[in-house]
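Heads up, the chain below is alone and in the form predicted alone; it's given as structure tokens.
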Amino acid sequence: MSAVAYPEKPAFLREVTFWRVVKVLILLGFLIFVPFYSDSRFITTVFISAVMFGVFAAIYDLMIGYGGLINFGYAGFIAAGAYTSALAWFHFGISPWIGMFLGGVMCAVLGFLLGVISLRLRGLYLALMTFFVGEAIRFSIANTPEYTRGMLGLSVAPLPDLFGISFARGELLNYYYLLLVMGAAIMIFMTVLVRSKFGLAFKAMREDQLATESLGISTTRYKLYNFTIASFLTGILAGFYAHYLGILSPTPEEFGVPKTVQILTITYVGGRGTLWGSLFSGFLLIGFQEYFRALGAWRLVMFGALLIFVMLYARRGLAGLKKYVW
């Protein structure tokens, strides 16, 4: 009598162990309850910044850590998404909830066009191209004050009430929990994506583009996929960023190289090619930034030194330390 052959569980189900569930519950408990019970607006603000830039860094990791695509103009894409949502409300009265989606669409279009322009570029040349595009976006915003108010600053409306939940300017906890929901959705989507055939193609393209093409995989197509998807997610989160801040100005500190360096550092410290490591490094580096706020621009020097140290001595970042932590 032959034995009954039971179908094997999918890989992602085999990986769901007891300790993975425990770790997720600990992380969720930390994120959900600490701001609520601390009853401190400062702590809530720090948590919002840490989660927001942790997710931005995870999206950046999708490009550089999985696709090997260096985007030195990433802050310019954040500016495009933020201003699209803000201007949709400012000029046309479009609800910010729809505006955030429009910000994602605008960034997706920019990401697609950038992918088309840079099809044959890689390495330093791709980095320079993305830098020029990002700065072009920022300068375009700064030099059209009749429409964007330029360096005068654009006042942005808060998010409208949703299901009876107020998102007035002072309701920080409501903004924080909305950000948690959005961040969780983005992280889960990217996790599923990188474990699919798209993720395998991204990794192959990252390791050796010529070898990947020799296998019959179109690196051009997957580069476009990567840029477009990452840009769409960036635009949605940037729309939230705009309505949370309340005022936008195309300064270098807000949408220029310093912001890109900050996100790049969070990505590398968290561990390139890990996605979730960026969330942990977001808390570490945003807390670091708040603690040394009095140092002003010197914080960028410290960020750079930390980034050099990680690239030389701890290339897997915080993700490489998880086995010791747990």
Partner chain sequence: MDLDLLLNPIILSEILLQGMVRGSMYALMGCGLSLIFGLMGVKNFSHGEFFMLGTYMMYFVAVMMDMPFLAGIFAAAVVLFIFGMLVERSLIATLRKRAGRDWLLDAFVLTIGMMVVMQNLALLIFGSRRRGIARLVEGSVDIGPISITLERLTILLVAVLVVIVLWAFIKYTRTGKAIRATGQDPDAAQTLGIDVNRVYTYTFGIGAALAGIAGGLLISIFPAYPTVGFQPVIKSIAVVILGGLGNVPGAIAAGLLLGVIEAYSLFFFAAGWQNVITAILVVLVLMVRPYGLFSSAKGERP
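Numbering follows the first chain given and starts at 1. Please read all numbers here as calculations on a predicted model, not as lab measurements.
Separately, the form predicted together with the partner chain exists; it is not shown, and the next lines address it.
- Pick from 25-33, 284-292, 44-52, 262-270: which stretch has a heavy atom within 4.5 Å of the partner chain in the predicted bound form? Going through the listed ranges, the match is 262-270.
- Query: Which residue, 120, 91, 221, 197, has a heavy atom that falls within 4.5 Å of the partner chain in the predicted bound form?
  - Reply: Checked against the cut-off, the match is 120.
- Heavy atom within 4.5 Å of the partner chain in the predicted bound form: which of 106, 133, 182, 193 fits that? Just give me the one. Exactly one listed residue reaches within 4.5 Å, namely 133.
- Message: I'd like to know whether residue 129 contacts the partner chain in the predicted bound form, with contact meaning heavy atoms within 4.5 angstroms.
- Response: Result yes; residue 129 sits at the interface with the partner chain in the predicted bound form.
- Message: Using a 4.5 angstroms cut-off on non-hydrogen atoms, would residue 140 count as touching the partner chain in the predicted bound form?
- Response: Yes.
- Query: Is residue 125 close to the partner chain in the predicted bound form, meaning a heavy atom pair under 4.5 Å apart or at it?
  - Reply: Output for residue 125 is yes: heavy atoms within 4.5 Å of the partner chain.
- Message: Does any part of residue 279 reach within 4.5 Å of the partner chain in the predicted bound form? Heavy atoms only, please.
- Response: Although the partner chain is absent here, residue 279 would stay clear of it in the predicted bound form, with no heavy atoms inside 4.5 Å.
- in the predicted bound form, do 207, 300 and 311 all put a heavy atom within 4.5 Å of the partner chain? Looking in the predicted bound form, the three residues 207, 300 and 311 all sit within 4.5 Å of the partner chain (heavy atoms).
- Task: Note that the partner chain is not shown here; using its position in the predicted bound form, name the residues of 68-97 with a heavy atom within 4.5 Å of it, in sequence order.
- Result: Contacts from 68-97: 70, 72.
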